[in-house]
Structure formats: structure tokens, C-alpha cells
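Encoded as C-alpha cells, the following chain is the form predicted on its own, with no partner shown.
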């Protein structure tokens, strides 16, 4: 049996589509098998709510009178980047000049909340743009465009961070207590769209994506895309692998699903909710959708060595991690998520309801995700070799 996206969209329009969340789907497959599932279910909704450090907010303002070409702009005292005369980009990870615990991610949250935000900028010394400085307040209603670009909207898998050293480490994975006293991870595991579609058979460039309550599209593969990562016997990579880039306009987003955060000694981070529907086109896709945490492995990495290549303590499953204790180097170690499974479960339900209510349709991709990309490294290069 082979369905098409068009056939499933037609069933959505006629209120005949059978939609399940990822949690519900796994129960049905376990009970009745993939053949029954393929014959009777059309769509499975998957989601993640994870920490993100690769997001950019694109802002398009109107022109001032007299005209201005922005230079050295600050938004709520956070530096922004000039993209055109009155277009700016704001990184989610940059901090305010007077408060390291507030930054771009919090401005994104404030914007979606409808708060007034401060803009202060100089003007470039151009004859046709005579305005040399500008100071104002704005909110989301005053913008021509406010678009969130996520260059790692979805990570197929991640690592477990631990610390075998004598001293505590404040890292990009939170505070890691020395002598393997704790560990952290950042994954929605069996709910993650790329865990349920491990080779991107249904997700590609142009696929519809739910971003924090708004609707966007997949742009292609994202930063640190590593499709050649080693996989277990269930086709799941044992560490960071496929990543997806996506964007959505912020005017439909809800602040519940976009949160600014702060990690000590690392800085500002963004938490964002993502949802992607997986169409059940054939039995192969149904088999992939049966994956559970018992069969999803990840690698435990020692952060005590601040190098690109770090020691590892082997692998564990997410079912082990969800017990809050994992065995590292034969030592029971407390472990905690940096992501929210409860929010990911809720997003799956919201996306399911939107599809049933004909508020969200599937989109056929215009090209597949490139699976032949080699993850490159940054090394120093002498001038005479350039």
C-alpha cells in the first residue's frame, strides 16, 4: 500500500483523516501491528520542546523621516545586526550590555507576548540617509515582518553530558558536577520527528512545520548536520546526526512555546516548541513509527576535557535516562533533561487537533534533505596556504 500526500490532504478536507499522536501511535502498533496501522492511520504528530542556541529573529521596520540607514543598533540593549537600511537580525544567544542573564531569546519571548521593546540606533553617514540617530519603542504590531529562523529547529539526537573531573563545570549542557555526580541531556526522544522518520522519508525542503503555535516550513538541513553518524540496529543514530532548519512568522506564535533562558557561565538560550506531522504513506514508515525509548541509544560524553574530541563512557538508552539515574563508568549517576517531554506531548495533541479541525495541512516537499553531507571541522590555516 502506498498513499500520497494529496490523498491524505483530501481526507483532512473531508474530515476523514485518522490522526494519532506519537504516543498513541506506538500503543496501536504494539497492539495491532504495522500492517493494521498502515491500513487505518493516516498521520502521526511528533514534536519536541528543547533548548536551542541557533536561532535568529529577522525584523523589518518601516523607514524614518528623514531617512536612516541603521548602524550600531541595540534592541533592549542587546546588539543587533544590520541587514539593510531598516532591517535587523537578532541572535537568540547575545546578552544585554547591562544584564548577562537577559538577551535575544528573551526579546523574542517579549515580542510574542506583545510587550513594547526599545530600539536605539545610529545612522550611517550617507547623503541620501541623513538621519544620524533614532530612539523609539516598538511592539510586534509596528513591524512589517518578524520572522524566527531556527537553524537547528530539530536535532535527530543528542548526547548525554557528564564530568569525570574533580571540579564542577558550567557548560552549554548546564552545570555538571565533578566525579560523575550528575549528567544532563537535551532530547524529546521517541516524540522527536526525526527519530520517527530516521532517514527523512517524509520530511524535506518545503515540508510544513508547527513552530511555537505558528506555521512555517522546513528550509533544509541545519547547522552541524551529520547524517553519517553511526546508527544502532534500529536505524537510530547514537549521537548528533540529522538537523533541520526551519522558519515561521512570529505573529501566530504563543509565548508558552517560546521561552528565553540562561545557563550559568554559558549564557542566554532559547526554548522552543516544534511539531511535524508524519504521513503514514506505507508500512516502512509505520515500522519506523513504532520506535520506543528502549531502542533509542545515545552517547555519554565526558565534558572534563575541553576539546573537540572528548572521551566517552559508551551508550545508554533513553528509557534508562528517563528513570533519572544512569550507570556511567559503573557508577549510578543522577540525570536530568534540559528539554520538556510534557510540553512535547502537549504539542503533539495540539497539532493533532489542528489537523482534525482543518487548520493544518501536509505539504509535499520540493526536494529531499541532503543525506550526503560531510560534517566539516574548523582548524587554523596558515596564510601561506590560503
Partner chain sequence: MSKKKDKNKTLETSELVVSGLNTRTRKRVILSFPPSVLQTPITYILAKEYDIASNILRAEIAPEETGKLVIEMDGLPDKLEEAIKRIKEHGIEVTEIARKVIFNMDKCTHCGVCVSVCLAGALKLDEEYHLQFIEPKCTVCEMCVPACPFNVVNIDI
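Owing to the predicted nature of the structure, the values given are computational and were not obtained by experimental measurement. Positions refer to the first chain, counted from 1.
Beyond the structure shown, there is the form predicted together with its partner chain, which is absent from this document and is the topic of what follows.
Within 4.5 Å of its partner chain in the predicted bound form, a heavy atom is found for every one of 184, 336 and 341.
Only one segment in the set 229 to 237, 257 to 265, 118 to 126, 308 to 316 has any non-hydrogen atom within 4.5 angstroms of its partner chain in the predicted bound form, and it is 257 to 265.
Taking the partner from elsewhere, residue 177 is found to have a heavy atom lying within 4.5 Å of its partner chain in the predicted bound form.
Shown alone here, residue 322 lies within 4.5 Å of its partner chain in the predicted bound form, counting heavy atoms only.
Taking the partner from elsewhere, residue 61 is found to have every heavy atom lying beyond 4.5 Å of its partner chain in the predicted bound form. Its partner chain in the predicted bound form comes within 4.5 Å of a heavy atom belonging to residue 345. Just one of 360, 70, 37, 49 comes within 4.5 Å of its partner chain in the predicted bound form, counting any heavy atom, and that one is 49. Of the candidates 221, 247, 138, 271, 271 is the one whose heavy atoms come within 4.5 Å of its partner chain in the predicted bound form; the others do not.
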